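In the block that follows, a single chain appears as structure tokens, in the form predicted on its own.
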Amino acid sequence: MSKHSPHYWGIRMALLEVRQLNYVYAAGTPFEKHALNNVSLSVEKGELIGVIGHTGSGKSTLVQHLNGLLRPTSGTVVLDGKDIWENPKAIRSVRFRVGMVFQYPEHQLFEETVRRDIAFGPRNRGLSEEEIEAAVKKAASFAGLREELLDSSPFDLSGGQKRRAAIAGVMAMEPEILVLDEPTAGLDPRSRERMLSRIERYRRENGTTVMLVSHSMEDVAAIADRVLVMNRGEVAMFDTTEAVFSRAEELEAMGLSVPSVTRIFFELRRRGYDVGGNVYTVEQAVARLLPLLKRGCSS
């Protein structure tokens, strides 16, 4: 668990709560589908939550409720103690507080230049031109977007650059909660590692709560404090990363998996090797195996 998590210090401050949330698509029609069923959870300030689940599990529907893109069929979403739909006319302000980056960044890019795209949110917050420029440069730096690209058309960027530009555009609004849907999709291993590092650095330096939706168990294991597992529109698990990935058989029954390195350690233990408890990242595996290798070399 990261020392930047509120759990590390024993501090518990609920920033976001979902209470008995239900959502029905196409209600009252032959195409009616119950996407969320009595979902309840609480997220604390400064946490980094991994959200996993197979396609159709409800995870994307859930996160679209967090800033009011979808309105609950029943139940409530509570931000800092207040129902976000208490005053529907104020839902726009919620979207500044809960920023969302979708899986397909080209759907969020629309301005003539990258600079103007990133500046869109800060400008709509009423910041001065000096404050807007500072916010653009800061967000671009966090997202790993080179300054010389800021005056390019966002549609001339590569797929990875578009993703960074979309993330920078939301970061520039300095939301209290940052929701990222598959931010590393399509990236090579080195770019994926850099992106995760930037997300963690942004969370650490800004105290932002982050919710990371991902199909990559390795990504979630690398940086999440807790993991939310969605299955058939319900919360199947919501616990520490270690606790969730220790339930490998249950995850596999839901069509999910554990990180590859965790599976390797399961197999080593099954074959009688004393490699200790579960590991979830390559770094943990190296720390666990090096002493055993040194011991073997010296014997």
Partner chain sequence: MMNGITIGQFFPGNSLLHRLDPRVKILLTLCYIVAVFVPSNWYGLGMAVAFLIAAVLLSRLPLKLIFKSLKPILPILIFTALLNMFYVSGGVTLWEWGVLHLTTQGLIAAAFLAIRIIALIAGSSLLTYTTGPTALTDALERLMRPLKVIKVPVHEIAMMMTIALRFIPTLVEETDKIMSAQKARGADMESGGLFKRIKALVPILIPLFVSSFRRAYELAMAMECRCYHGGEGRTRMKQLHMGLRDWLALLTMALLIGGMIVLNVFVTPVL
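Under this definition, the rigid core comprises the largest set of C-alpha atoms superposing within 1.5 Å between the forms. The shown structure was predicted, so the numbers you read here are calculated from the model rather than taken from an experiment. Numbering follows the first chain given and starts at 1.
Another form, the form predicted together with its partner chain, is not on view; read the next lines as being about it.
Taken together, the three residues Phe142, Gln161 and Arg164 all stay farther than 4.5 Å from its partner chain in the model of the complex, as judged by their closest heavy atom.
Partner proximity in the model of the complex, defined as non-hydrogen atoms within 4.5 angstroms of its partner chain, places exactly one of 41-49, 65-73, 250-258, 233-241 at the interface: 65-73.
Among residues of the shown chain, Arg95 is one whose heavy atoms approach its partner chain to within 4.5 Å in the model of the complex. Interface residue remark: Tyr202 is not counted as part of the site for its partner chain in the model of the complex, having no heavy atom within 4.5 Å. Within this chain, Asn124 lines the site of its partner chain in the model of the complex, having a heavy atom no more than 4.5 Å away. Interface membership of Met100, defined by any non-hydrogen atom within 4.5 Å of its partner chain in the model of the complex, is confirmed.
Residue in contact with its partner chain in the model of the complex (any heavy atom within 4.5 Å), chosen from Val229, Leu149, Ile223, Met173: Met173. In the model of the complex, its partner chain lies beyond 4.5 angstroms of every heavy atom of every residue of 233-249. Annotation for Phe155: C-alpha shift of 2 angstroms or more between the shown form and the other one, rigid core superposed.
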